[in-house]
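Shown next as structure tokens: one chain only, the form predicted on its own.
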Amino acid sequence: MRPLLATLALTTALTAPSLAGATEVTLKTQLRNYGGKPAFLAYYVTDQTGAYVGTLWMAASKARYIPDLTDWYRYSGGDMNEISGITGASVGSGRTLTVTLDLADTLFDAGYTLHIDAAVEHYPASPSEIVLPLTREGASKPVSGRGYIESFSYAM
């Protein structure tokens, strides 16, 4: 029962940061010019053991392609309630997505990892295209994706 309560407390801190200290964080994702339809992106967090904690944001315009975000789908169990209220439009080739949200302070420098899955209709999926630790030191340091994402950074 204790691990369940810890997970519930952490998930609540992730999705309802008013219950804990929070920091405004801006996620900036620049897509490559891959020439296809707009990309679907899922931003989610795992803990020190690799267990799913929660979804931060999803860019997806057609629900039928969300299962193509394979790692997010596997981690979240495909629970569409996870993305209720935190979903925006998919992102076109060569475009930039900028999302600002409040993240619980407890997620930084504590072993949590940010993942970004990418998928494009009629192209191969790119699960966990970006995987990086959530640290204050890592803020504003761009990282390259291995598929559809040219670069990603977060600022605090």
Partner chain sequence: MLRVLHRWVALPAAAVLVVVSLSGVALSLFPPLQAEGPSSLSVGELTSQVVQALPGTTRIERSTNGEITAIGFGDNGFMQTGIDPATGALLGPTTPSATELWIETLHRQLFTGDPGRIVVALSSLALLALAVSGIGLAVRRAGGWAALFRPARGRGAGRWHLWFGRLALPVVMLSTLTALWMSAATFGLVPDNPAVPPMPAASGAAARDAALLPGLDVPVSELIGLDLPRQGDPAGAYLLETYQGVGNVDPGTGDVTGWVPRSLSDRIMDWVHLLHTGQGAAWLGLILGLGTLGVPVLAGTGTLVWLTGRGRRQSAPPETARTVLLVGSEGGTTWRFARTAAEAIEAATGAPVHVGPLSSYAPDRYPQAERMVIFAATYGDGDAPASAKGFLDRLKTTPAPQMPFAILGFGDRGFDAFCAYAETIRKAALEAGWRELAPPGSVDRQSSGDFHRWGEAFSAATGLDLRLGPVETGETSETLTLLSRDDHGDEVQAPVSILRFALPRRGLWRRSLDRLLNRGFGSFAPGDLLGIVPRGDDRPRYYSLASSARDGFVEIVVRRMPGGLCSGQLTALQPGESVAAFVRANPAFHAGPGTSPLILIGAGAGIGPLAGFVRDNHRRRPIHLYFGNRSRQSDFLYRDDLARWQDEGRLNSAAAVFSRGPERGYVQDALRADGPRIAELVASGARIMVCGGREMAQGVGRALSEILAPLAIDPVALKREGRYVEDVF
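On a predicted model such as this, the values are computed, not experimentally measured, just so you know. Residue numbers count along the first chain shown, from 1.
A second form of this protein, the form predicted together with the partner chain, is not displayed here; the remarks below concern that form.
- Of the listed positions (G111, G88, P124, G94), a single one reaches within 4.5 angstroms of the partner chain by any non-hydrogen atom in the model of the complex, namely P124.
- For Q30, no non-hydrogen atom is located within 4.5 Å of the partner chain in the model of the complex, even though that partner is not displayed.
- Not displayed here, the partner chain is approached by D71 to within 4.5 Å at the level of heavy atoms in the model of the complex.
- The partner chain is not drawn, but in the model of the complex it has no heavy atom within 4.5 Å of T106.
- Using a 4.5 angstroms threshold between heavy atoms, T26 stays clear of the partner chain in the model of the complex.
- If you take 53 to 89 and check each residue for a heavy atom within 4.5 Å of the partner chain in the model of the complex, you get K62, R64, Y65, P67, D71, Y73, R74, Y75, in sequence order.
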